[in-house]
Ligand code: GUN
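So this first bit is one chain, no partners, the form predicted alone, shown in structure tokens.
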């Protein structure tokens, strides 16, 4: 069965719009964009579009992809020191000559609405979810909740490798009492692990890595990312075949960015409300 992500997406936006409509002062989300590749431009436009849809102000500063790491660092510093900027994001990926992690590390933790800074991420390891949750892990958990899939005592296989998604989603699953198997695209005999799992979450940037014979019947499959080869999108899971075994499967393509942006808007509103109460 294909999971209807649009119901989840619409519910998040409807609730956000209702909450923001009651505010006298509307939240503002700032964004820094470097490197005008098509994916980044499309992603940032989605953020602008849906911020405006829920009446969140969106302000963008664009820089040429030839900007030096030092120049970008100085811009980050100015954002950190500007009292009129309460929180902001740096759109990833960054050009290859810029160390992304170094830039993330220099975002002030209190202005980090993506929740990428190391000082923020470690909180998830300590079971502290009282503040933010990184956007992609947040909607993965949102899907499981919406589909009434209780991860407690279930085995979840996560095929991934990143600091900003892989490790946080593993932490959230552990916090929810799941038994987690952490794999990546280089894991040998990966089917030994996927066939043990009731839930498989995959974003390995490895086309058709997850096939139907690697799953339990009735397994839940959440496919998060894709690889572009010869201008064609290839997803990590062979979802057409997987759907034939009556699994719950996230649809591809089109839904990943929409839910990530929705959760970013939730974080922005939460930060705004926290600041006003303070």
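Positions refer to the first chain, counted from 1. A quick note: this is a predicted structure, and the numbers were derived from the prediction, not measured.
Just so it is clear, the following notes concern the form predicted in complex with the named molecule, a form of the same protein that is not shown.
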Is the gap between residue 114 and the named molecule in the predicted complex 4.5 Å or less for some heavy atom pair?
-> yes
In the predicted complex, residue 206 touching the named molecule (heavy atom, 4.5 Å) | no
Give a yes/no on whether residue 92 approaches the named molecule to within 4.5 Å in the predicted complex, heavy atoms considered.
-> yes
Using a 4.5 Å heavy atom cut-off, state whether residue 43 contacts the named molecule in the predicted complex.
-> yes
66 to 74, 208 to 216, 43 to 51, 22 to 30: which one contacts the named molecule in the predicted complex at 4.5 Å, heavy atom to heavy atom?
-> 43 to 51
